[in-house]
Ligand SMILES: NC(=O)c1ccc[n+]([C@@H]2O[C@H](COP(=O)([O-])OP(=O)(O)OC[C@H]3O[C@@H](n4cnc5c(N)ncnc54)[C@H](O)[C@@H]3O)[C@@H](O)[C@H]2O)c1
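As structure tokens, one chain now follows by itself in the form predicted on its own.
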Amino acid sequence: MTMATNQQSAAYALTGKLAVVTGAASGIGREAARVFARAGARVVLADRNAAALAEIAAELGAEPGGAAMAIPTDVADRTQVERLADAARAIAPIDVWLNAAGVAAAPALLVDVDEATLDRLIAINLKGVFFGSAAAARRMVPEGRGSIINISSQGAESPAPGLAVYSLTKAGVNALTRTLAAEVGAAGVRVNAVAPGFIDTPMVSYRFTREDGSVIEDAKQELFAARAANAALGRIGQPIDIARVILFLAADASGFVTGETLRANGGADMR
């Protein structure tokens, strides 16, 4: 390899860095944890699902050079998030913090949404990102470096009848991202968001899953085909598509990028 090639590869590497991933037990968070580990990072995994969290930690730990720690965490509880941050910082300075934990709810018109659903989505999707971002910033600013990455959604900007609460939480994530970026940029800390389009993750499976957990295959294929037709690339997204965008924001390659929301949606917002 030439020196230029080595430098370019290094710009996308996380060798020797420590990354915290919330929502690491499934979906985008789980795939991002894999990508971080393959890029050379030590990964601290957090999620409420302790069993699934242990599985991904074991998977990453079994890979050559892999190093992962699992810390069951409810991101809606600020005390637990601070405990997570303390545990990660005890290992090494935190270089990357990915707020990927999030939930959705069955579609309901705004006038029909019950308060319990409203509170649950705000607690996890918005307060959880707030708590994680604050915990990361407190520990990154003294070090003079770090990348905080939040998972937003195409729904933050595109009207989606029936998803008012989900959309408002993600719009809040976008605003939080820009504001924190302005607050900590001078200290060398970057804050960005990724807004995925329709991604094949467990979060969307409620639309075609029966109460017993079985899949209604016709409904699944109909939904996927409709979403693919709405994207310029003609397909739906996979977790790896988003994880690679997240890696860009985590690595030095994006060193002059902050306060941005990258819209990784296959061109769906062009239709």
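Sequential numbering from 1, following the sequence displayed. The structure presented is a predicted model; accordingly, all values stated were derived computationally and were not measured.
From this point on, the text means the form predicted together with this ligand, which you will not see here.
A.B. asks: Using a 4.5 Å heavy atom cut-off, indicate which stretch of 60-68, 46-54, 33-41, 218-226 touches this ligand in the predicted complex.
C.D. replies: Heavy atoms within 4.5 Å of this ligand in the predicted complex occur in 46-54.
A.B. asks: Taking heavy atoms only, is residue 101 within 4.5 angstroms of this ligand in the predicted complex?
C.D. replies: Residue-level check for residue 101: yes, a contact with this ligand.
A.B. asks: Can you tell me if residue 26 lies within 4.5 angstroms of this ligand in the predicted complex, counting non-hydrogen atoms only?
C.D. replies: Yes - in the predicted complex, heavy atoms of residue 26 and this ligand come within 4.5 Å of each other.
A.B. asks: Does at least one non-hydrogen atom of residue 202 fall within 4.5 angstroms of this ligand in the predicted complex?
C.D. replies: Taking the distances in the predicted complex, the answer for residue 202 is yes, it comes within 4.5 Å of this ligand.
A.B. asks: Quick check on residue 196: any heavy atom within 4.5 Å of this ligand in the predicted complex?
C.D. replies: So residue 196 counts as contacting this ligand.
A.B. asks: Which of 180, 189, 75, 88 has a heavy atom within 4.5 Å of this ligand in the predicted complex?
C.D. replies: Looking at the other structure, the residue within range turns out to be 75.
A.B. asks: In the predicted complex, does every one of 127, 131 and 133 come within 4.5 Å of this ligand, counting any heavy atom?
C.D. replies: No, none of 127, 131 and 133 comes within 4.5 Å of this ligand in the predicted complex.
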